[in-house]
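Quick setup: one chain, the form predicted on its own, written in structure tokens, and binding and motion questions come after.
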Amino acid sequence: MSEKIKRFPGEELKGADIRVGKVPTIRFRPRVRYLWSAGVAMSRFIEGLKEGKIVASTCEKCGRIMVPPRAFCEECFKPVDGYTPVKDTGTINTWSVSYVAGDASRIKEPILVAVIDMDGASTGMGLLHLLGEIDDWKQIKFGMRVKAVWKPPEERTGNITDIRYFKPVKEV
């Protein structure tokens, strides 16, 4: 064996070993721990969802109210000034009918999804979410008013699925 300092356990592999198919193995169990952060803005958002609120970030310089919240304003490129709740109602900006499930399998009953411009947020700030309580997808219209249907407080986990879906709201 050479005078080299061994940095890893096991045997040194030589060219002849490779030619005859000798493959050394090392068995070990790494102690890997994962940490994940949603970041400041999204953490505020998911905390709000757990409380039954939709939280937006605010920019005092240009007046934007952004949903989902961002850490900085994409218009003036400055950090946001704070966070504020917005209403859980809005209008359908765009929508789609999907016969493909999340795992890419075909489904018989369609999933209805929409980008919803939230009341109290700046124009073009919307959430992508499911639509529900709609008997026929042909009833969906651009600009249709909708409201969030929340899970009961004891079932909320701080996830976008704390909002089950958005349902149509009858205008009065």
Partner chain sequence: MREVAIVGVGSTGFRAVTPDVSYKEMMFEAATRAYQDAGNISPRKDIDAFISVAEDYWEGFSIFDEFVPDQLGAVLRHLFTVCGDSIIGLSTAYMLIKTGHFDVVALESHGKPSDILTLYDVVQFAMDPMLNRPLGGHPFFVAGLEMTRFLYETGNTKEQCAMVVSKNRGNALANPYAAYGADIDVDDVLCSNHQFYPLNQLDVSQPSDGGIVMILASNEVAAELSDNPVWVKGVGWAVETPSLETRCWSDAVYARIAADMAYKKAGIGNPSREVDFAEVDDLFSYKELQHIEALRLCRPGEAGLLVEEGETWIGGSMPVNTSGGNLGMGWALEASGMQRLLETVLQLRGEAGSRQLSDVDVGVAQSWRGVPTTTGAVAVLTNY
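Remember, predicted model here, so these are calculated numbers, not experimental data. Residue numbers count along the first chain shown, from 1.
Beyond the structure shown, there is the form predicted together with its partner chain, which is absent from this document and is the topic of what follows.
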Checklist line | Non-hydrogen atom contact Ser37 with its partner chain in the model of the complex at 4.5 angstroms | finding: yes
Notebook entry, point to check: Does any heavy atom of Glu74 come within 4.5 Å of a heavy atom of its partner chain in the model of the complex?
Noted result: yes
Item checked: its partner chain contact in the model of the complex: Gly82, any heavy atom under 4.5 Å -> no
Margin query: When the contact criterion is heavy atoms within 4.5 Å, does Ala41 count as touching its partner chain in the model of the complex?
Written below: yes
